[in-house]
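In structure tokens, the next block holds one chain alone, the form predicted alone.
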Amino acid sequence: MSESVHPIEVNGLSRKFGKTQALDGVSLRVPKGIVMGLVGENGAGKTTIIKHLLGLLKPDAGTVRAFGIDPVQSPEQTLNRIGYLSENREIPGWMRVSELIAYTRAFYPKWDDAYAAELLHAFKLDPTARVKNLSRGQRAQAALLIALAYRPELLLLDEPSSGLDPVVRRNILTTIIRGVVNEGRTVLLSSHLLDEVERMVDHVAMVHEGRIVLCAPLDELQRQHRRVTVRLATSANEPPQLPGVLLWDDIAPMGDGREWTAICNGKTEEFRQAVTQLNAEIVEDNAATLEDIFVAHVRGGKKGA
């Protein structure tokens, strides 16, 4: 397989469930060796994209390729190269943890016993415990272990933080994800927890109502967006019309109509000049969070210029 082939290439993907348009012309390319964050509200279409990559769903329109291969037509070729952690942690409850590991190991020639033992220790899982008796967080850890231990080239994580305590989420999960990428492999991480995604990913694809509304490297998005608070000379019922504003906060922080906070998209000099012309001043200027950026693009700058 050519090195130029991306682990994920989705072009014009559309899918309906009954009358519901779950995906509408989604295109996404994920190069090798990065963490791509797939973010959006619950029901936005993130899991549906992942299911197409696994070959569990057939596109109504468009194409889906994993390593240049159609996962519906050639499931064995693709699934041997993909690790998957589902939001529902679908693993057999009757098995003991040791049996789950042994059962999964049989399917993967590249299974790494030493790495599996390392993860078992890191997660503090009892190998004799039955899966059905594990806590929600422990089941999530067991599912993550069997998704990782054969060192897949592509790791698909659907809401990986669900059920995990804060220590595991912040330390172990982040360490594992960075370790995967440091080995030259690829991660697609789907989540609605934007603050956590911000700590773990290199690139971001924002999904809203079945469409990708923005896709770019995280550091580029952060450079291009600012959260700026402007103080007007007099109170106003509406925010001013200024260049570069994607979205104004609905409520002025001071409550007297003088201070307004905007998410801006990088027209810094034009924005500052316009503020000066209004005889106003900028009282705060901070980097926008990923949540700020997502909300601004989803709502479409309804109160901006």
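When you see a residue number, it is the position in the sequence shown, counting from 1. The structure presented is a predicted model; accordingly, all values stated were derived computationally and were not measured.
Not on display, but discussed next: the form predicted in complex with adenosine-5'-triphosphate (ATP).
This chain appears without its partner; in the predicted complex, the one residue of Arg151, Arg211, Arg227, His192 with a heavy atom within 4.5 Å of adenosine-5'-triphosphate (ATP) is His192.
Residue Glu87 is the only one of Asp165, Glu87, Glu198, Asp112 with a heavy atom lying within 4.5 Å of adenosine-5'-triphosphate (ATP) in the predicted complex. Across the options 44-52, 260-268, 24-32, 63-71, residues that bring heavy atoms within 4.5 Å of adenosine-5'-triphosphate (ATP) in the predicted complex belong to 44-52.
Although the partner is absent here, Asn286 lies well away from adenosine-5'-triphosphate (ATP) in the predicted complex, with no heavy atom inside 4.5 Å. Residues from 141-156 do not approach adenosine-5'-triphosphate (ATP) in the predicted complex: none has a non-hydrogen atom within 4.5 Å of it.
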